[in-house]
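Next up: just one chain, as structure tokens, the form predicted on its own.
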């Protein structure tokens, strides 16, 4: 199977983007310039209503597949505080559904550690190189 591109976004309480990254291929590197960036953002924000509905129907934080747009599938993870972690993919990662769940769970744990930083303001965009590096490391371990 050809390498796939993935898009991960953390959406805040007022539906604003807190963090986003495009991951691609088998290299584990961030895709810097993608023609699909605006399409990915559109798909993710279109899925927010479905995520909000699904989070009230489920008792778990990992909501699995919540939406599909053409070849893109959206899976979601909702935190106890109401943040939405959305993961878009064309093909399920090589590690399957469990790898995707592990990725989202580990990124959430990394986000919680970031919240402990007194200089980070919740719901503001994350501009930390260390956070980026940690997300890429988790992606290489869990989904790439």
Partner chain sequence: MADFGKHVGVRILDLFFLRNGKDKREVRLTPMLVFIQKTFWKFLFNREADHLEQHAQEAKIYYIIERECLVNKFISVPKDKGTLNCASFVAGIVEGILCTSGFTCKVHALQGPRGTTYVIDFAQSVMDRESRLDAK
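Numbering follows the first chain given and starts at 1. If you're wondering where the values come from, they're calculated on a predicted model, not measured in any experiment.
Keep in mind that the form predicted in complex with the partner chain is not shown, yet the notes after this line are about it.
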| query | finding |
| --- | --- |
| Contact flag, residue 96 vs the partner chain in the predicted complex, heavy atom cut 4.5 Å | no |
| Exercise: residue 59 in contact with the partner chain in the predicted complex, heavy atom 4.5 Å | yes |
| Close approach of residue 108 to the partner chain in the predicted complex, 4.5 Å, heavy atom | yes |
| Any non-hydrogen atom of residue 13 within 4.5 angstroms of the partner chain in the predicted complex | yes |
| Interface stretch in the predicted complex with the partner chain - options 64-72, 87-95, 37-45, 111-119, non-hydrogen atom within 4.5 Å | 111-119 |
| Residues within stretch 72-86 having a non-hydrogen atom within 4.5 Å of the partner chain in the predicted complex | 78, 79, 80, 81, 82 |
